[in-house]
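A single chain comes next, written as structure tokens; it is the form predicted alone.
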Amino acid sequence: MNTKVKRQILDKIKEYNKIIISRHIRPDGDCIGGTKGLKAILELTYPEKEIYLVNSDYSEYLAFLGGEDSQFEDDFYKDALVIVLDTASTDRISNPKYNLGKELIKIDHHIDIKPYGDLSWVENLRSSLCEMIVDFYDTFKDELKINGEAATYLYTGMVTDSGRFRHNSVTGATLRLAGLLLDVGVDTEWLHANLKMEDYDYLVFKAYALGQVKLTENGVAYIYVDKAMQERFGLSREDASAAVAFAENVKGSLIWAAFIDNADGSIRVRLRSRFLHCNDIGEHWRGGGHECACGATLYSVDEIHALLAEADAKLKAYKETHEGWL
């Protein structure tokens, strides 16, 4: 089945002279690496085609990978193939004009709860969208071209979305495909330096934020990055959202979360777990994602308390019925 749909996607790519690639809002390393990697592969393979990468927002954290193309007028889309990567539902597509193209393709590794597209290739057990794009290249390597630039983009997504190859979704196939990219040529020291180095001011914020991590009765770790904290430390949206990592390593805490005030009054939730799934909680609160990494949207502090109560009850039940989890 997957080989068939991959062939159909490649045939569509061959059919169109104009291709516009997009991704999800609030981009991460996987969707940026995947879109830029696919674009680089297609430009190398089909230099005669027009290949564009168009979205409404970008990531300061990943600015070292380079920029994207500017938006086009509506008529520009009428004869174009639009490919949306790493985006589970249409409401999260970063390009508001995605539906103006002649045909639409979805390639994604999230749970397919809201299907869309004239063609759709979804594998929710993959560690990253970038793993799928490397697999796509590997399947048709006699027809497609790749170089070090494309390999670096794709390796970035594989590294970041797999938790540096730590998550359970990482398989032997994941590492073999990563090895393919390394053989093509990736400067891993340069890449990891760009991913890990932080401004001194952000380190000051991190030191403060670690002291703000709290625990529920049964061990859900969480931090609330409210507007006052964001203003005090001059945080970007990405810096504030990254605070979910500060609650990750509390022993006995198998669910952790960050709550971030948005400018529109809503509250962004970043929810993570190990050993048990948390995506049902995200879906209950206007979100979703992977089984152990998802998001949600809240509209009040009362809803924060309600979500935490739900997560706490789930963690309590898990600990009461499982042994040897840590």
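Nothing here was measured: the structure is a model prediction, and the numbers come from that model. In this text, residue numbers run from 1 along the sequence as written.
Same protein, other form: the form predicted together with a small molecule, not shown, and the subject of what follows.
With a 4.5 Å cutoff on heavy atoms, I267 does not count as touching the small molecule in the predicted bound form; it lies far away. Using a 4.5 angstroms limit between non-hydrogen atoms, R286 touches the small molecule in the predicted bound form.
Contact check for R92: a non-hydrogen atom falls within 4.5 Å of the small molecule in the predicted bound form. In the predicted bound form, the small molecule lies farther than 4.5 Å from every heavy atom of K36. Just one listed stretch, out of 64 to 72, 37 to 45, 51 to 59, 290 to 298, contacts the small molecule in the predicted bound form at the 4.5 Å heavy atom level, and that stretch is 290 to 298.
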